[in-house]
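The chain below stands alone and is given as structure tokens, in the form predicted on its own.
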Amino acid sequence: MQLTLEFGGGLDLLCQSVKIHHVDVTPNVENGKLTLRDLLSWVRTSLIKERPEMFMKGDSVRPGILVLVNDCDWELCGGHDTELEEKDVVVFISTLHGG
């Protein structure tokens, strides 16, 4: 499944400073669907090159990271169980800033 992933608010630093990734992610073999939970696991193992603890805590994104699916907050779409479709755009934005 082809997706576009965007990392903002400094999260791109965890992915070798690349902000936009055009990726091909294999859906779950059992049901043929790809959820945000599946995608987060894939991002952790395939895209995050350093300090994965800055992106994820347990099986979710860390508090302070906004997740948008096609410009809609993931909490309004179903959270971790949001089913992704071909050509979806998923954006991760850190709202936390150092000082």
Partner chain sequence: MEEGKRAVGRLCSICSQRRPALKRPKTLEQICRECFYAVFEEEIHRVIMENHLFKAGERIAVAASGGKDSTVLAYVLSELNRRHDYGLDLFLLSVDEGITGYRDDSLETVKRNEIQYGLPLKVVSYKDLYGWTMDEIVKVIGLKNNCTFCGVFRRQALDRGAALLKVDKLVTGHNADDMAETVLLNILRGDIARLSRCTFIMTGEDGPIPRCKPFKYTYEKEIYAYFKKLDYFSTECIYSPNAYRGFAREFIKDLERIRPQAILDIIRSGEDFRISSSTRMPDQGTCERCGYISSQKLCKACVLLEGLNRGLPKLGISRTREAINGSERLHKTGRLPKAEAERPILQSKPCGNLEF
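Positions refer to the first chain, counted from 1. Quantities reported herein were computed from a predicted structural model and do not represent experimental measurements.
Below, we turn to the form predicted together with its partner chain, even though it does not appear here.
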* Non-hydrogen atoms within 4.5 angstroms of its partner chain in the predicted complex: do 15, 24 and 45 all have one? -> no
* To do: Verify the contact flag for residue 30: yes if a non-hydrogen atom of it lies within 4.5 Å of a non-hydrogen atom of its partner chain in the predicted complex, no if not.
  => no
* Asked: Though only this chain appears here, would residue 57 touch its partner chain in the predicted complex if you measure heavy atom gaps against 4.5 Å?
  -> yes
* **Partner proximity in the predicted complex: residue 62 to its partner chain, non-hydrogen atom cutoff 4.5 Å** => yes
* Counting only non-hydrogen atoms and a 4.5 angstroms cut-off, does residue 70 reach its partner chain in the predicted complex? -> yes
